[in-house]
Structures are given as C-alpha cells and as structure tokens.
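A lone chain, given as structure tokens: the form predicted alone.
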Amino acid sequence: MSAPLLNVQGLCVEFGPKAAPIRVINDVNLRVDPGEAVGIVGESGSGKSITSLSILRLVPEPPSRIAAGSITFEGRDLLAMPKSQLRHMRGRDIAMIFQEPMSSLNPVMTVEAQIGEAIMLHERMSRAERRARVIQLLRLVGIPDPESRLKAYPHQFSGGMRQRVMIAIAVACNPKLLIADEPTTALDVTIQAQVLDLMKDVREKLNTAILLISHDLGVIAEVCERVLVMYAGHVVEDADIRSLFENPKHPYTRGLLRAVPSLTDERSRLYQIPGSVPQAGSIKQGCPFYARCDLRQNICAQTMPAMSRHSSSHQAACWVTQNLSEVRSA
C-alpha cells in the first residue's frame, strides 16, 4: 500500500474553556491516498465541516482547539507546522472550496483579480503570464468566452458560475488535495450535475485527490470511491462506495440510505430517521446514535464501540452488527 497523501489519526476537537470543554470531534481517523476521491457524509451538525477546517487549521483558536490526534500531509506534521509555512501550503498543496461562493468571493474585486491573487501568492509570473493563466483556468472550469468575463464581479455571475470561479481559484496552483465543503449546496440539479462533472474532470486532468463533504449520498456516489459516515462527531462507518450502498453495516447509514428518494418505490411517505442529531458534547458515554437506533441494546448506552472490520475495505462502529458478523463467521 502506498503512503497516504493525507493521514488523520485520533483527531479530537474541543470548544470552550479547558476546564469544561465541549468535544465536537471524537477520535476521527481519515486517510486520503494520492489521486483518490474520499467522501464524508452525515446530517448537519455531524462534524463534517469542522473536520475539514481542522485539517487546514482554519478553526479559530480560541475558542476551539485540537485536543488530541495527528494530521500529516505527505508525511509532514500539519499541527506542528509554523503558521507561515502552513499559509504557504494552503492553496498550493491543499486547496479548499467553501460552501457558499457568494460569501467566499470578494464582492469588490474582479474575477481576474481574485484568481490572479491566488496565483501571485504561490507562483512567480509576469502580469501577462498571470492573465493568460487566469483565462486558461476559466476555460478549464467551463466559463464561456473567458476573456470577456475577466473584469466581471461576483454579483454578475449566477450561482453555478460563482462556484466555477471558486473551483478555478482552488486549482490555480495545481494542488495535490482539493477539499470541497458542500460544493453543490443551493444549486439546482442541472447545475449541480455540471459542477460534479467539472470536479471529476479537474481530478482526471490534474490528478488531484479530493475530499468531498456532503449530506447527500447521491453526490458522494457520483464522485468518490470511498466514504466515511459521520454522526455527532464520530466516524461510524468507513467503506468503499459499492459496499456501503449494497451492505451498510451501521444503523445510521441504513437510515440515510432509506431516506434517499426513489422513483421506483411506491411508499406513500418519505422515510425519515426519528429524532435529531444530539447537541455537541451532550453524549458523555455510549454510542451517540443510541437514542435514535431501532436496534439498540443495553451495551450501546454504556460504551462507544470501536471500529470493527467486516472486510478489507469496510468497517463500522456498532455493537449489533459486530456481533452479527461474529456469529456468521463462527
């Protein structure tokens, strides 16, 4: 097995005073290999975005802090890296597409200036070379007649076009890892499909690894080979896409899949998982999904299960499915 591009081990993130911390990320393990596309899926409040922001150390300290764990990129320790070196790495080696392009783009800077700024921070180019690179990037992300759009401002673009500009900024310096946080939120399904196709195209042309965060399993399945399911700050399942869809092991994952609308299902009502994600830090022991789980047992309320391997590419943290697997293999 090749060395991972990104390796996160035992990540724990806390908010609030050290005397009474609120833990929002609990013992998260995550690996992304070079050129691989990995997804993180879960409801709002499950910890997906905090995990991604923690990788680049973009969560403000204080009020937050990384309480435990390690984050390495190409073997380099990001938690021990000086901030000046980390700033140089952001955008060049690891880039991020944020959730809402209208609030992420500067409303008083032209598209050319904003993409050019990303290039200028990391590359030595003349103004003419930089302009040519901006046009090349706009063409790469599918913006028609890019020469005529250089002096346009974000408000002059549609939501889908703004997201394309965000992708152009993110890939301006050919990063090795692209973190995309809900890149299709608030886009209609047609534009959503175009953005996903664009991300796959960028990955193929630049051999960029992708960490895609979404609450939509359909979006994850479109882009990724492997997916982590998060719930209340925990990774509860880690599997390749085919295994996850064909044989989910965690009750939460099964609930998410049942909640996906189907054109062939004649059910009168769309399924929903009862209850809601618990407030951060409110679960002190046991499985955080206990209160919403229809398979719960006494042990589930007492101890958080460790990840149990069901195959070489599939593991889950569930007492019930772990016991069932042991019975079948006996």
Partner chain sequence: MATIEQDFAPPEPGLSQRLRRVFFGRTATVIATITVALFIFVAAFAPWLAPYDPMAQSFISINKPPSWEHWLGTDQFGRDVLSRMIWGSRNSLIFGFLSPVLAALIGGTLGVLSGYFGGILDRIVTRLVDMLLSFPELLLAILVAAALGGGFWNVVAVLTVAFTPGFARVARATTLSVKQEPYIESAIAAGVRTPVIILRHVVPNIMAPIVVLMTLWAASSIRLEATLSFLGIGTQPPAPSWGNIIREGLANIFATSWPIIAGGLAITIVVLAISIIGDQVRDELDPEIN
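Note that the structure is predicted; figures quoted are calculated from it, not measured. Numbering follows the first chain given and starts at 1.
There is another form of the same protein, the form predicted together with the partner chain; it is not shown, and what comes next is about it.
With the partner removed from view, the residue among 213, 94, 236, 168 that has a non-hydrogen atom within 4.5 Å of the partner chain in the predicted bound form turns out to be 94. A heavy atom within 4.5 Å of the partner chain in the predicted bound form is found for exactly one of 85, 247, 156, 207: 156. Remark: all three candidate residues (58, 103 and 194) come within 4.5 Å of the partner chain in the predicted bound form, counting heavy atoms only. The closest non-hydrogen atom of residue 128 lies beyond 4.5 Å of the partner chain in the predicted bound form. The closest non-hydrogen atom of residue 53 lies within 4.5 Å of the partner chain in the predicted bound form. The shortest heavy atom separation between residue 117 and the partner chain in the predicted bound form is within 4.5 Å. Taking the partner from elsewhere, residue 123 is found to have every heavy atom lying beyond 4.5 Å of the partner chain in the predicted bound form. Residues within 4.5 angstroms of the partner chain in the predicted bound form, judged by any non-hydrogen atom, belong to 197-205 and to none of the other stretches in 67-75, 249-257, 197-205, 219-227. Residues of 229-245 include none with a non-hydrogen atom no more than 4.5 angstroms from the partner chain in the predicted bound form.
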